[in-house]
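So this first bit is one chain, no partners, the form predicted alone, shown in C-alpha cells.
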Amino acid sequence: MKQKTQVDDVNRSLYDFRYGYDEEHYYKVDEGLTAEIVETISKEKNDPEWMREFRLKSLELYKKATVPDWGPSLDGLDLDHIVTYVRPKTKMTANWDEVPAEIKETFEKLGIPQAERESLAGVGAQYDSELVYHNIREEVAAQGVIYTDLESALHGPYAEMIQKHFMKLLPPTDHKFMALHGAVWSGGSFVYVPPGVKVEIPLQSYFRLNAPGAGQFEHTLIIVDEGADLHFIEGCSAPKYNIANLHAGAVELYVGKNARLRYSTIENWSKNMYNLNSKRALVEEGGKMEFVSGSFGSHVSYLYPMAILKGNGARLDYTGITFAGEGQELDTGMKVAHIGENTTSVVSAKSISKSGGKSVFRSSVTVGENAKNAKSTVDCASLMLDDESRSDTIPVMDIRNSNADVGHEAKIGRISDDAIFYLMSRGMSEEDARAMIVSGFADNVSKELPLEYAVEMNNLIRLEMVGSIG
C-alpha cells in the first residue's frame, strides 16, 4: 500500500530512494529502515569508515530494541514511514546572502540574522537534515574557539577528538531512539572551547524541521576544556502538518575541570511532533553544568537531560518549564548522578497545563557509594489552568551512602480566582490577568535567559494562553 505525501521546496536524493517519485508526489514505501538506506546516508555524508560501521551497528541495535511502554503513547508514530534524511537545495555557507531566499525567509521570520548581529558570538542554522549556515565571529575564533558543523569536523584536525567522544555519553545501547539516532544522525554542531577561554556572548544553533513526515536527527557535541566558560543556546521549531514528525537529536556535553557550561533551550515544536531528544553532560572536578529549558510544543515529549557529576565539587543547576495544552502530553524531567565527593545539584522545574494537556515531571537522583557529602535539592511546581488538565510528579532517589543530603518538594495548584478578580478590578481583562499570573509563575526561567530570549518565551506563553500555537 502506497500513501501519497506532498513534499515541497526540497531536493532529496534519499527521498527519491525511499519514496518512489511521479513528478508531483513522493510516495511512501512500506519497507522501514534498511542497511541500504543507512549506507546511502553514510555515502551522502562522506563518512569516515569508522562512522559507517558505527551507523550499521546502531541499525542492528535499533531493529532489536523495543519502543518504551511506560510513558506517553507513541502509537501515532509510524517509524517505518519516518523519512530519515532530507537534503535542502543548498550547500552550507558562512555568508548569509548565499542562503536560498525561501530558506532565508524562514530564518529571518525567526529573528536569527538579527540575533546574530546583536547578541551572539556565532550561529548555526539547520534546515531539515543539513546545516545551511554556520558562522563565528572573528574575535571568538581568534581565541581558538572551534564552532563548526559536526560533519566537517569529522575530516579536520579535531577528527580524533570527535571519534573519542561521539556517542560515548549517549551510546546507541541506551534505548531504541538512540540506536536510531546512531544509524541516521545528520547535521548538528561541534564546539570546542580551549583551556581558560571565556566566551563572553553566547553561541546558538537553530533547528527547523520543514518537511512533512520526516525526522530530524542532529548531533551536538560540545567540549568545554579546563577553566573555560561558554553559554550555548539551542532553538527548535517546525510547521504544523497533519502527519507525524519525529525529533530524535542528541546533545553530548563535556565540562572540564573548573569549567562552566550553560546550555539553554527554547523548543517550540508544532503539535504533530514527537520530541524524543536526549541530552547528557559529564562534569569534571570543580566544573559547573547549567541547563535552562523551555518546552512549548510537540504532541508528545520524552525529554530528560542528565548530568553525571564525576569530579569532586562538580555542580548541576537545572531550571526548566513546560507548557502542555490541548492534545499534548509532555513527559519531561531531570536526571543526575553524583559520583564525586562534595557534589551539588539543584533542580527547579515548573509545568503549566491547560485544555486537557498532560504534564509529567520525572526526577532521578543517584548518589554513589563514594559521593560523600553530596547535596541534592529537587523542587517542582505545577500550575493547572482548568479541571480537564493533569499534572504528575514522579521522583526517584537512589542513595548509596549515609553522608548525603537529598530533598524533594512538589507543589500542584491552580490560579486563584481572587488573584484574577484583583487584577481585573485594576482594569485588566481576564485574559491579560491570567497571562500575567502564568508569566510570573515562569519568571524563574525567563530571568535566566538573555533578554531577547526571555521576551520570546513570554510571548510563547501568551500565545499558548489564548490557544494560538500549533
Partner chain sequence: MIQERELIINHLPMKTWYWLKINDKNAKIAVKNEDFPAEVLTKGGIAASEDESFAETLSGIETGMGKEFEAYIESQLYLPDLFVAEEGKDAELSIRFDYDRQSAGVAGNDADAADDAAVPAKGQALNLYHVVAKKGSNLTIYTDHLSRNEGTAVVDFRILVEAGAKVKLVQSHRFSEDFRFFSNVGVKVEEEGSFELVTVAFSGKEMNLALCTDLSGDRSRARYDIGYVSGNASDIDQNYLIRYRGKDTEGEIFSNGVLKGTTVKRFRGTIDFIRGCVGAKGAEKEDVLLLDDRAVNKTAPLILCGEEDVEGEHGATIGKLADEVLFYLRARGVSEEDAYSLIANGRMNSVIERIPETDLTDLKKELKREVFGVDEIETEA
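Given the structure is predicted, the values throughout are model-derived calculations rather than measurements. Positions refer to the first chain, counted from 1.
Below, we turn to the form predicted in complex with its partner chain, even though it does not appear here.
- Taking the partner from elsewhere, D78 is found to have every heavy atom lying beyond 4.5 Å of its partner chain in the model of the complex.
- Mapping the unseen interface onto this chain, E200 falls outside it, with no heavy atom inside 4.5 Å of its partner chain in the model of the complex.
- Residue contact with its partner chain in the model of the complex: G156 places no heavy atom within 4.5 Å of it.
- Contact check for K372: a heavy atom falls within 4.5 Å of its partner chain in the model of the complex.
- Here the chain stands by itself, but in the model of the complex one stretch of 246-254, 363-371, 319-327, 227-235, 363-371, has heavy atoms within 4.5 Å of its partner chain.
- Not one of E44, R52 and E138 comes within 4.5 Å of its partner chain in the model of the complex, counting any heavy atom.
- Residue in contact with its partner chain in the model of the complex (any heavy atom within 4.5 Å), chosen from N312, S391, T220, S270: S391.
- Of the residues given (Y304, Y263, F166, Y192), Y304 alone sits with a heavy atom within 4.5 Å of its partner chain in the model of the complex.
- Residues of 165-184 placing a heavy atom within 4.5 Å of its partner chain in the model of the complex: none.
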